[in-house]
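This document starts with one chain, in the form predicted on its own, laid out as structure tokens.
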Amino acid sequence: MVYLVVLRRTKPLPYASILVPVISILLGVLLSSIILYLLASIPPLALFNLIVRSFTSPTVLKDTLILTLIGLSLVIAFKASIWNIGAEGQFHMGMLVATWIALFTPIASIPVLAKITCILAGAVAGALWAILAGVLRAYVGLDEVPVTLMLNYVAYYVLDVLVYGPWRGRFTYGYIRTDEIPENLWLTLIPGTTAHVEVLATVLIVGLAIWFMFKYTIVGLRLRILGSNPEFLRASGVNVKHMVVLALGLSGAIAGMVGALYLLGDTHRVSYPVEAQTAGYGYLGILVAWLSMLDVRGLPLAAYVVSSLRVTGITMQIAGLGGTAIVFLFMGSVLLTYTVAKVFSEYTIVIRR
């Protein structure tokens, strides 16, 4: 009798860290093209032209910077084998507190101080939202995946209640949304793009800080050991529960910071219902983090690719070639091929009799 046996490779495939993401992207786009041609008769050549245009679009830089930050937040948790699926909710909690500061506190009259306060308060709100899941995981034993996922919807509905009720604006022309934040709190555009100087600066500062943390600090070392061998960490006298909470707290802080930046730079207000208006950066960041192989240095490239595919999907919607599902088709195809490629880069199938 013939058996197929799956074995872990004794040696990793050469250049797997580069080849796996590249192959995933190429095969994902090819798979999407085939599906779109079979189901909607969209010519592959027309789709290819849209993808090329999207990859060179000036709007891609804005999404690239935001997704790089979200990817950075998730890499912290994922390296520690803490599966934070709640960056979307943490993002919106950061947006919530930034909205409150910008619209309802006197500090909004001092632009520089107000911007800094919004960003820092967003980080604190995102961290606390993530720590809630971290405490439940560390001290109660609840899996963080469903908890963080459900907290996303709690964050949506908290914002919905506020926007529909006490935060509803007076100058909204009948729409259910908040008033626009003061113009002096808007972020500064990078010339020729839709991206912002403050977001770029945040990417550089946070990216360098996280790279330094994982490479040179005891906290980064402990987080990496938590992801590979928590029992060793426990035997070394480190409180593993504290590290779980710390990993989720740091991850949520960056996601919350991004939510505040997004309010100040892009939306300038919150609209009802929030769950229908979200760009879904918290979920797209998961794909970015995995495509980078959890390597901080690879995050900008992974974010650029995902942003370009997202713009391709939006462009197709505008051209009348499909609906919202087009975006998710691209992302799902890349993630599916990444999963398969990742498995075969670490395991091999052997035929035995």
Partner chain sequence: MIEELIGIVPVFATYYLVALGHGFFEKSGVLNLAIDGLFVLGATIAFALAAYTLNPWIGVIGSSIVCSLFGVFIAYVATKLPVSHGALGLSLMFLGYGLSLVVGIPVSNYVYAKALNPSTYTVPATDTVLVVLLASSILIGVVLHYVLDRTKLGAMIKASGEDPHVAEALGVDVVRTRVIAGVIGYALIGLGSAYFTLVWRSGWDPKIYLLGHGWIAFAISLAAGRQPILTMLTASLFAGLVRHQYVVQVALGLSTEIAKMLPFIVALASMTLFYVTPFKRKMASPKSLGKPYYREERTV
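The structure presented is a predicted model; accordingly, all values stated were derived computationally and were not measured. Positions refer to the first chain, counted from 1.
If you look for the form predicted in complex with the partner chain, you will not find it shown, but the lines that follow are about it.
Exercise. Among 111-119, 178-186, 192-200, 134-142, which stretch has residues with heavy atoms no more than 4.5 Å from the partner chain in the predicted bound form?
Worked result: Checking each option against the 4.5 Å cut-off leaves 134-142.
Exercise. Does the partner chain get within 4.5 angstroms of any non-hydrogen atom of Y304 in the predicted bound form?
Worked result: Y304 lies outside the contact set for the partner chain.
Exercise. Given that the partner is absent here, does L72 sit within 4.5 Å of the partner chain in the predicted bound form, heavy atoms only?
Worked result: Because no heavy atom of L72 falls inside 4.5 Å of the partner chain in the predicted bound form, the answer is no.
Problem set entry | Interface membership of V29, the partner chain in the predicted bound form, 4.5 Å heavy atom rule | So V29 does not count as contacting the partner chain.
Exercise. P106: heavy atom within 4.5 Å of the partner chain in the predicted bound form?
Worked result: No, P106 stays farther than 4.5 Å from the partner chain in the predicted bound form.
For this session: Name the residue from V97, V206, V245, I85 that puts a heavy atom within 4.5 Å of the partner chain in the predicted bound form.
Result: Among V97, V206, V245, I85, a heavy atom within 4.5 Å of the partner chain in the predicted bound form occurs only for I85.
For this session: Let me know which residues along 327-346 have a heavy atom within 4.5 Å of the partner chain in the predicted bound form, or say none if there are none.
Result: If the 4.5 Å heavy-atom criterion is applied to the partner chain in the predicted bound form, 327-346 yields F328, L329, M331, G332, S333, L335, L336, T339, V340, V343.
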